[in-house]
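Only one chain comes next, encoded as structure tokens, the form predicted on its own.
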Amino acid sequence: MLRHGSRSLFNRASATSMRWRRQFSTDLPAETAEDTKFVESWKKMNPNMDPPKTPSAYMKPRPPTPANIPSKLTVNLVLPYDSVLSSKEVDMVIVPATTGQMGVLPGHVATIAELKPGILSVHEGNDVTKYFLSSGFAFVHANSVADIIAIEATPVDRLDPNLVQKGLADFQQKLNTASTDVEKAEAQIGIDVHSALNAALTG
């Protein structure tokens, strides 16, 4: 039993070390739009037939990682129905990650972060623009580009404190009267979002 346990620990340690030795996708060299390895293999097996298109054939080449850290961070903030920020150059953004507030500067390591309801702060010199995000993901690339994908994004100065307080009270009432797990979960989500909205207005 001890032998199997030590073997399991060794296998986990090996897998962990292999995982840490792997390069980030953004650290790899930029590829051409065509999957050359696939095409070469196809031609060997079917010399008289054109190879089919693969997904990589429809993708733009990955931008190279700059040798020097740029002075600005390029930010894209996209919603399912709108593009709020497009290739905007800023000094820094602070995103509401589920692990806590995460500041992103030019040269930030490649990262994917899940977002919780909270404030996105966009810093340009002495100016700070704040948006309330409902949820989403932030993709930070090694070439100092940050793509922020959210379900909803609203400038904080457009939030109505009275409506936020009313919504919070309504969802608290729904939670108190909920009789099923689904109703409780829906009410708790509403409380979490409106609590974050309230914190955005009072913080």
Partner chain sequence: MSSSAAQPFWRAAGMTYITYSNLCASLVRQCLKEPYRSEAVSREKVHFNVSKWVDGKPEKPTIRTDTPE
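Residue numbers count along the first chain shown, from 1. Please read all numbers here as calculations on a predicted model, not as lab measurements.
The form predicted in complex with its partner chain is left out here; the points below concern that form.
**Q** Ser195: heavy atom within 4.5 Å of its partner chain in the model of the complex?
**A** No, Ser195 stays farther than 4.5 Å from its partner chain in the model of the complex.
**Q** Evaluate Pro117 for contact with its partner chain in the model of the complex, applying a 4.5 angstroms cut-off between non-hydrogen atoms, and reply yes or no.
**A** Residue-level check for Pro117: yes, a contact with its partner chain.
**Q** Closest heavy atom of Trp42 to its partner chain in the model of the complex, within 4.5 Å or not?
**A** Contact with its partner chain, no.
**Q** Against its partner chain in the model of the complex, would Val164 count as a contact residue? Criterion: heavy atoms within 4.5 Å.
**A** Heavy-atom contact with its partner chain at 4.5 Å: present for Val164.
**Q** Could you tell me which of 69-77, 86-94, 128-136, 103-111 sits within 4.5 Å of its partner chain in the model of the complex, going by non-hydrogen atoms?
**A** Comparing against its partner chain in the model of the complex, the contact stretch is 128-136.
**Q** Out of 151-167, which residues reach within 4.5 Å of its partner chain in the model of the complex, heavy atoms considered?
**A** Heavy-atom contacts to its partner chain in the model of the complex: Ile151, Glu152, Thr154, Asp157, Arg158, Leu159, Asp160, Leu163, Val164.
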